[in-house]
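Coming up, as structure tokens: structure 1 and structure 2, two forms of one and the same protein chain.
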Structure 1
């Protein structure tokens, strides 16, 4: 542990979607910012497993229905005015659309199609429509079977009708977290990765934050540590909440023109399933629920995978099991102090707990603004920077350039013409560039360039990518890892083991 001490005005602990959005928001002002993230990439915490819905329209109503514990009074419960979470979600959504061209990120709006199987479902749909009208939500249409088929020709014949909500949108959350952080960095914020906060000492007028990477002296601290926000709060003795939640398991399928909208069944209390078309041609099947018992346990289990496997075909029989690409887990979290809402509070001078409850990705930009206001109330001076650049500088993916631009690049550097990843069409030069801006592991290359993300999951490009990384870094492929730490990929050179025996 080094004895170095870095001074800053604001320290953000955690570079998930929340921390990263806060960093970008604050980088609009003349403020010193250090974002401390324990992983080597932003957005690899809870945000990584997020299915990416930027809710609009009826989504909050239907999640109310799913959460409803049963009994009478559902109607009244649904009529409650929107809480902080729902309000933030709706504002955040507008901001995602506004930010997409600035941050050069994608947001698609496939809309949500709710499928009704029987009379009871149709009644629920009428109720949702009625409440949507009451809340002034537009873009909602009730459909009969024919209307369903027009939207999704492959939908299961058992569905007799449905409801279409044009508002639902989808993003790739980790990619957005990276974008927020990069744009913040381009505007002067310090994004400090592989830096885990181990302890915080409250001093006179500042907090001393101890990490594996030196100490940080900060006047203001924002606790955006996601799953571990309770532990951080505990370090300054303000943990009157715990981060709790569910472990969820999800699947990814290739989307071979199977679906074009988000599909869900009519929500019932404690029951919901989704098929989500993503920004890059796959379908996320979401998700099972089980209690979260261990925050480090990201394993998937056979019983849940088996259960999930039956869902897609139940909605769209044509979806072939052969097109399963991946399975993963995520933690759907809430704070125990106010389980159905976000926790945004200032328990100590200059110390803010920013702990979202799922869905907490969609509200991130709105939460970031709210946090800036809170900091100002705490005495932080927010003077706008005249040189703030809202545009994130990002090389577009080579394969997406128009032909003339591609060819100009190839002429300047033929390594652009050498395609290394066959599924996502990533060029050798893009891998090199990713290494040059700091990617050190296979997983980082995957997120930065998409190489290894496609249907073959790296079966073809891994050996090439390792070779390029090793050359670029001047190390042996034996030194490379999948995700840092002990996650080495290759054991030894051939013959070495044999000779050692």
Structure 2
């Protein structure tokens, strides 16, 4: 552990979607900010494995129904006023649409389509529509079988009706965390990666944060450590909660024009299934539930994958198993202090716990603003910067350009005409540009350019991407990693291995 001490006004612990959004929000002011992220890239913790849903409309009502423990009182439970999580989610959702052109990130709005199979389902739809009307939620339409087919022609014939909510949106989560962090850094914030907090000492007027990368002296600390927020809080004696939740397993399929909206069955207590169209032409099948017993456990299991494999064809029979792309594991978390809500508190002067319960994507921009207000109330002077630049510099994807612009780029640099990733149509020059602006790992290239995100999951392009990265960085491909640390991809040259044998 280095003996170096870096001084800052605000230290943000955790570079997931919340921490990165806070960094960007604070970079609007004349404040010195350090964001400490233990991974090699922001957004590579719990954010990376979430569903990417930016909830709107009836989503929070649906979530309440699924989490209901059964028995009487469902209607009264659903009529409770929105809590912090739901309010922040609805506010934050609107901000994503305003931020997308500024940060050059994508958000799509496929809408949510609930599928009703029987009379009981139709009764639940009527209840949800009634409550949506009471709350002033617009864009909600009850559908019969014909209406379902007009929206999703391939939906299973067993579904007799449904409910359409036009408000549901989807993003690529890690890309947004990276975007918030990059824009914050462009505006003077210090984004310090591969830096894991090992301990915090509370001093008179400041906190001394000890990491594997030296110590940081900060007047204010934002605990946005996600899964490990309880452990960070415990370092300063404020852990009167634990981070708990469910381990969830998910699948990714190619979306060969199978679905155009988020599809879900009508929610009932302890029962929910989702098919989610992504921003890059795939389908996320979500998800199984099992208790979270190990925060580091990202393994998938055959029994859960087998269970998930039945869902797509149960909703859309045309979806083929041969178009399965990948499987992964995420977590749906909550805090034990208030399991149904986010935890946003200041248990000690200058120390804020920002513990987001699932779903945590939508509230990020609104939570960031609220945290800035809390810091001001704690005494941090927030003077607006006149030179704040809300625009993140990022070239548009080559494949999405008009033909004339593509031809002009190829004329200027033929490497634009060399497609390295065939699944996502990523050019050689885009890989090189990503390295030049800071990408150092294969996963960074993946989320900056989408290379490796498609059907073959890097099977065809990985070797070429590694070659380009090695050339740009002036290193051996053997030195490159998937996600930093010891995640090396290559062990030796084939020729050397043959000679050794």
Partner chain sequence: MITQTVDLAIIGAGPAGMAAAISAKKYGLENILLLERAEYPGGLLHQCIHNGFGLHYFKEDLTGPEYAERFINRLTSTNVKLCLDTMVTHLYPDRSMIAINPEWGEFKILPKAIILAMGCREKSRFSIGIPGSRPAGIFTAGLAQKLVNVDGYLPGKEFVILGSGDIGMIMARRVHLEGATVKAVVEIMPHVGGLIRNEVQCLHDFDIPLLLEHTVTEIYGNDRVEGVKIARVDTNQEIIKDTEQGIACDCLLLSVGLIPENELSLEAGIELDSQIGGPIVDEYLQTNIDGIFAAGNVLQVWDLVDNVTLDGERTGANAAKYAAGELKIQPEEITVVPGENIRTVTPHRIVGAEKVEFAVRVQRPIEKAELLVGDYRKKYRVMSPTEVVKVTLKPSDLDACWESGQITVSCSERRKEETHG
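The structure presented is a predicted model; accordingly, all values stated were derived computationally and were not measured. Residue numbers count along the first chain shown, from 1. So that the term is clear: the rigid core is the largest set of C-alpha atoms that superpose within 1.5 Å between two forms.
**Prompt:** Which of the two shown corresponds to the form predicted together with its partner chain?
**Reply:** Structure 1 is the matching one, since it is the form predicted together with its partner chain.
**Request:** Output whether residue 35 and residue 192 share a rigid part, with the chain modelled as two rigid parts between the two structures.
**Result:** Residue 35 shares its rigid part with residue 192.
**Request:** Superpose on C-alpha atoms and tell me the smaller rigid part's rotation against the larger one between the two structures, in °.
**Result:** The smaller domain rotates by 6 degrees relative to the larger one between the two structures.
**Prompt:** For residue 416, what C-alpha shift in Å is seen between the two structures once the core is overlaid?
**Reply:** Spelling it out: core superposed, C-alpha of residue 416 shifted, distance 2.7 Å.
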